[in-house]
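Consider the single chain below, provided in structure tokens and representing the form predicted alone.
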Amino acid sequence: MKIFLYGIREDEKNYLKEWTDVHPEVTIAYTDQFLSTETAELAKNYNGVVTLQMQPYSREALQNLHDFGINKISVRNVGLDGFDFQDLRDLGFSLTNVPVYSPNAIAEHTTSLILRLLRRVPEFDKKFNNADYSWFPTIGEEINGKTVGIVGTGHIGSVVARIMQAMGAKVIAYDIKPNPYLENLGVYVDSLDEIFKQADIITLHTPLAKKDVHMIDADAIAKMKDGVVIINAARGGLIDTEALIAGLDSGKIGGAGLDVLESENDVFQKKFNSLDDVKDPQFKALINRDNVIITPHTAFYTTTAVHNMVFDSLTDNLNMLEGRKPKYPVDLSEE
């Protein structure tokens, strides 16, 4: 069997070697480029494809793979919003993802963003850079006693809930599919509006279904408590960035921790000579605020997670190619 991988980073290469040591019967090749209409040609003469969800996949790119006899795709991460499921169905593709590469990695990063905002770390960093080591007026707040609203309580959100409860927060949650463990604790509310109304801190841990695009918009923000802290380590499209900026400008939003952005592909994974070279006006409107922390989609980025992403995606791709049931099949009848 032969598998071609797209979007491979340097940190993944050692794990590719480890996997092929376990599966010497499989030939792999890879590129650092993402799957596109132009790069689909690289997978010619291969049986399966492993890629990374970083951008939309055109029907033309999928058609090219189909024409090469490829109908098995595995994604190394959770997100699937770059695919049009109708295209996949039309062209007869099977798809897998890696929904559980390390919930703790993202939950811990979420906690870090909350703590850094509440303890005003960006402001202290700025003071230190100016040789100012005074306390006042940069007084922080504690998680203990706060109401933390968690939207999405799957593998990641449920870990966040446990961490927040251990730190003394009151946890409330909303999910269309309640987690049995959290359900027994009685944390669920009946609607998103209840999260908006009650929570001091709102953290998002849900996929980007079409119905959830701009889940956090101007209307949602208007329903929130004054000074609310919003955390997004899920998908950038869950938040209407212009509405977020307006909320920060007005003071309605007290802080934001953002590991993902709507237009992140224009900025993340790129190196600029200076901020002046960044063309994205929304990024520029956010990056220099004392009450905003942006990390470049690195919540997942730990050695444990990267190992699991590589191993699970390749193993599932091979399972499909050899007629075995993959561990993480994607139901293409739903979107």
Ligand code: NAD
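In this text, all values refer to a predicted model and were calculated from it rather than measured experimentally. Each form is matched to the other, and the largest set of C-alpha atoms that superpose within 1.5 Å is called the rigid core. Numbering starts at 1 and runs along the sequence shown.
There is another form of the same protein, the form predicted together with nicotinamide-adenine-dinucleotide (NAD); it is not shown, and what comes next is about it.
Enquirer: All three of M54, R76 and H307 touching nicotinamide-adenine-dinucleotide (NAD) in the predicted complex at 4.5 Å, heavy atom to heavy atom?
Expert: The answer is no; none of M54, R76 and H307 reaches nicotinamide-adenine-dinucleotide (NAD).
Enquirer: Quick one: does R119 come within 4.5 Å of nicotinamide-adenine-dinucleotide (NAD) in the predicted complex, counting heavy atoms only?
Expert: No, R119 is distant from the partner.
Enquirer: Given that the partner is absent here, does Y174 sit within 4.5 Å of nicotinamide-adenine-dinucleotide (NAD) in the predicted complex, heavy atoms only?
Expert: Output for Y174 is yes: heavy atoms within 4.5 Å of nicotinamide-adenine-dinucleotide (NAD).
Enquirer: Using heavy atoms and a 4.5 Å limit, would one call T153 a contact residue for nicotinamide-adenine-dinucleotide (NAD) in the predicted complex?
Expert: Residue-level check for T153: yes, a contact with nicotinamide-adenine-dinucleotide (NAD).
Enquirer: Would you please decide whether I106 lies within 4.5 angstroms of nicotinamide-adenine-dinucleotide (NAD) in the predicted complex, comparing each non-hydrogen atom pair?
Expert: Within the cut-off, so yes.
Enquirer: Counting non-hydrogen atoms within 4.5 angstroms of nicotinamide-adenine-dinucleotide (NAD) in the predicted complex, say which of D217, E123, D212, D84 makes the cut.
Expert: None of the others qualify; the residue that does is D212.
Enquirer: Answer with one of A299, I70, A40, V292: the residue that has a non-hydrogen atom within 4.5 Å of nicotinamide-adenine-dinucleotide (NAD) in the predicted complex.
Expert: It is A299.
Enquirer: Would you point out which of 253-261, 135-143, 164-172, 221-229 contains residues with a non-hydrogen atom within 4.5 Å of nicotinamide-adenine-dinucleotide (NAD) in the predicted complex?
Expert: Stretch 253-261 is the one.
Enquirer: Can you name the residues of 218-234 that have a non-hydrogen atom within 4.5 angstroms of nicotinamide-adenine-dinucleotide (NAD) in the predicted complex?
Expert: Heavy-atom contacts within 4.5 Å come from A233, A234.
Enquirer: For G79, state whether the C-alpha moves by 2 Å or more between the shown form and the other one after rigid core superposition.
Expert: After core superposition, the displacement of the G79 C-alpha between the shown form and the other one reaches the 2 Å mark, so yes.
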